[in-house]
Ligand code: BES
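What follows is one chain in structure tokens, specifically the form predicted on its own.
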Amino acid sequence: MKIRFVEPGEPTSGTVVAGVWEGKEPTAAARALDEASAGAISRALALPSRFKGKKDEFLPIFGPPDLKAGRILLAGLGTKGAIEARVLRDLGGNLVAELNRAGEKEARFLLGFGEGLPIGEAEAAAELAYGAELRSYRFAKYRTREKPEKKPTLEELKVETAAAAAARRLHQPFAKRAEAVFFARDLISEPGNVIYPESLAREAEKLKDLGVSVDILDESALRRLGMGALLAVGQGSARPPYLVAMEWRGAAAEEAPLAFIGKGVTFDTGGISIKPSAGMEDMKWDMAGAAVTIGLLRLFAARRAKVNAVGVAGLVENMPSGQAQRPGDIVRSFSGQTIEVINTDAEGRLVLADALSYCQDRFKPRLMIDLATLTGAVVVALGHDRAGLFSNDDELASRLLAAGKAVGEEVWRLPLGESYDREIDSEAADVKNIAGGRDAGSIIGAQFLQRFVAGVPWAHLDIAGVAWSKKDAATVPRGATAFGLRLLDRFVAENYEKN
């Protein structure tokens, strides 16, 4: 789908879209369009209908005789004066879905909101276009016989604004963000026979073309470094494990980097503690944290972010075999701590334990944030609308909460504490990878990770419930979400980049 910003002019084809405030109050652009269509809009609004101008409502008006465009579509904007950036992004995404449902090929959105727009018109146009782009994502590379009615029809969306030139400039960084989101969504969507530790490492290696330094540690390097926890997870697979370390340098050389660490279990059977077969195909996206980490470093490079950042991704495949680790095994981590493996399906925390310790040892970061589809327990606690947030630093947590709310990738802070930590004390080793029962499962996972954080501000995002969506949302179609990428980009841009 192509997006263009155009100056005001008479629409000559396709669908023309105009906004209506809650209470059926037309915007300035809608009033002008009403005059051009001989009162078609005012007549439609006067008729009894469920359309009230609320957010996410649409009202089609077919074939106005005095308009060259094929039809008018009224879009509900919600409360007048309360249309912020996030609402505009959602409007853009919902508009794309509505136009595709109608089979439309071309549309023109009239942005003339008038006095009801609390942000600049150019900014509003860019935000709306960004939402439309995010919703237009589709992973269809393996569909060879798709029915025509299932394919999207919208080819071009024009956003009409008197500030078209400024909107184009403001949209450029949004376009880069959408590209990074699509890149991560593609990686997450690929099946396990296409994306596995080595192939995912090679995808990260492509970031070199953008100016990112990429270091790929293979199995022999991991052994020399003593990454016994990560290696233990991967030892049951025929595919060897890797660890990828990426560096983007956009600030002064002496400035300590921000660090992002991703869980990259490219397929998770559960190992010897094997998962039930029902739904196991979903475990191709157990590497979503790594995909988002790689996508985030890609975005920093693409938009030339003025920050030093590192990304570390531990890449393994968790398979059952005669070589696989067993429940009861004890492994030695990179940090020197020993881990008793009670359940081999609690493998992501072993991968992250070595990745976190390695990141601190090598890069000396000012803070660390890890992303992982870590626990089913966080889905029980929070469902599919928010990720779980755990942190040892209140300011860091507050900044992540604010960034998530601004971009629509919301997180909810859950506790850490000594009483939870005691649950993973092991009688045979320094720590065990799960507690004795099922209580507080997501907290226990975070407590385990915290044992491998040595005095650095740290946050853990458990994205198990939000990495993949089984239903459409305004800017996220069904499938891979790349949750966390926009959140962390906003977090960095607002709090750490120097203008």
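Residues carry their position along the shown sequence, with the first being 1. Small disclaimer: the values here were computed from a predicted structure and weren't measured.
The discussion below concerns the form predicted together with the ligand, not included here.
Self-check item: residue 333: touches the ligand in the predicted bound form, heavy atom cutoff 4.5 angstroms
Solution: Outside the cut-off, so no.
Quiz item: Using 4.5 Å between non-hydrogen atoms, is residue 285 touching the ligand in the predicted bound form?
Solution: Looking in the predicted bound form, residue contacts with the ligand include residue 285, since a heavy atom lies within 4.5 Å.
Quiz item: Would residue 391 show up as a contact with the ligand in the predicted bound form if we use heavy atoms at 4.5 Å?
Solution: Heavy-atom contact with the ligand at 4.5 Å: absent for residue 391.
Quiz prompt | 4.5 Å heavy atom contact, residue 202 and the ligand in the predicted bound form | solution = No - in the predicted bound form, heavy atoms of residue 202 and the ligand never come within 4.5 Å of each other.
Quiz item: Of the residues 184, 346, 244, 95, which one places a heavy atom within 4.5 Å of the ligand in the predicted bound form?
Solution: If I apply the 4.5 Å criterion carefully, the residue I get is 346.
Self-check item: Candidate from 403, 73, 377, 225 lying within 4.5 Å of the ligand in the predicted bound form - any heavy atom
Solution: Going through each option in turn, the one that passes is 377.
Self-check item: Segment assignment from 143-151, 367-375, 73-81, 423-431: heavy atom within 4.5 Å of the ligand in the predicted bound form
Solution: Among the listed stretches, the partner-contacting one is 367-375.
Self-check item: Partner contacts in the predicted bound form for 267-283 (non-hydrogen atom within 4.5 angstroms of the ligand)
Solution: Read in sequence order, the residues that approach the ligand (within 4.5 Å, in the predicted bound form) are 268, 275, 283.
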